[in-house]
Each structure stands twice: as C-alpha cells, then as structure tokens.
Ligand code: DLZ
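What follows is one chain in structure tokens, specifically the form predicted on its own.
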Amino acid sequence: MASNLKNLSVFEGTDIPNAEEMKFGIVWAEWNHAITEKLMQGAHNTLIKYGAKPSNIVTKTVPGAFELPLGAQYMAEFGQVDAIICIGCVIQGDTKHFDFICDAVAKGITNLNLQFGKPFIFGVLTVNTQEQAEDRTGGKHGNKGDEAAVTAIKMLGLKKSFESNKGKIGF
C-alpha cells in the first residue's frame, strides 16, 4: 500500500511482539541528514516503545544510501544483533542517478536478508521531492522509521514462532 494511503506510524489491529529480549542495529545514511536523522529517531523510539532496551540498540552511520548494504553487512558480521534496520533517503533529481541508487540499495538489502537469514529492513525513502520526504518523517504520512522498527520486531516474532514450532506439523 502506498504511504499516501496509510499513516506509517499507526499500527492498529496488528499484533506486535514484545521486543524486550531482541537486539537491533540501525544503520543510517548521513546524506539527507535532516530527513534520515528523523527516520532513525522514529525507529529508535518505536523500538523502545515496544520493549527494546536502549542498551540493545546500536546505531551507526554510513555516508549515503548506496553504502547502507555494506554498512548493514558489517553490522551483521561484527555486531550481536538480531535484526538490522537500514535508514536512508533518496530524492529524485534530474539524472538517472536516483534509479541506479534505489535499485542497488533495494537489491543489496534483499540479498543480505537471504545471505544472513535475519531481517534487514528497508527503511529507505525513495521520493520525488523534499516535501514528500518530510511528509514521511513525522509529517502527514507518519514516520517511515516507525514502520521499519515495527517491521523488524514483527519479523523477529515470526522467526521465533517458526523456531518454537520446529518439527511440528500444522504450526
């Protein structure tokens, strides 16, 4: 569903597991800092809201969105985290740069999910304008960082449900 049809910070009717025992990494891009910092703060605050301990949340920056997959890979290799939230913002410009960056980041994050078997969450805004980015960082469409954090929690809850029912038929 397009974010202009849903508030990214509203999770009514959804079952969100308690994140108390979960460990999270947040890798966020410095490029478009005014936007990405708000996304990172939204993710961080939402993790805490659902029970994550501040000591179980590690944040690191990378220069831009293109570097998110490698930064997230480093975090997976060297950190003790259960899920990694990748935060960035790419705003359409006058060249094809936008298309290449968005495609590379999406593929890189997808590959990390499969390579490591743990959630790497795509919390990257790919927008046409600065105004659209601001609408998704606490503006009229909520905060994409909130949504990314809830997605990480839910994916870890899903993994736990499979692990606790391993070997059972019809789980």
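The model shown is predicted, which means the values in this text are computed figures rather than measured ones. Numbers for residues come from their place in the sequence shown, where the first is 1.
Below, we turn to the form predicted in complex with the ligand, even though it does not appear here.
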Heavy atom within 4.5 Å of the ligand in the model of the complex, from candidates 121, 52, 133, 29, belongs to 29
Please tell me which of 86, 75, 83, 90 lies within 4.5 Å of the ligand in the model of the complex, judged by heavy atoms. 90
Taking heavy atoms only, is residue 37 within 4.5 angstroms of the ligand in the model of the complex? no
Does at least one non-hydrogen atom of residue 65 fall within 4.5 angstroms of the ligand in the model of the complex? yes
Name the stretch: of 43-51, 142-150, 107-115, 66-74, exactly one has residues whose heavy atoms fall within 4.5 Å of the ligand in the model of the complex. 66-74
Judged by heavy atom distances of 4.5 Å or less, which residues of 91-125 approach the ligand in the model of the complex? 91, 97, 101
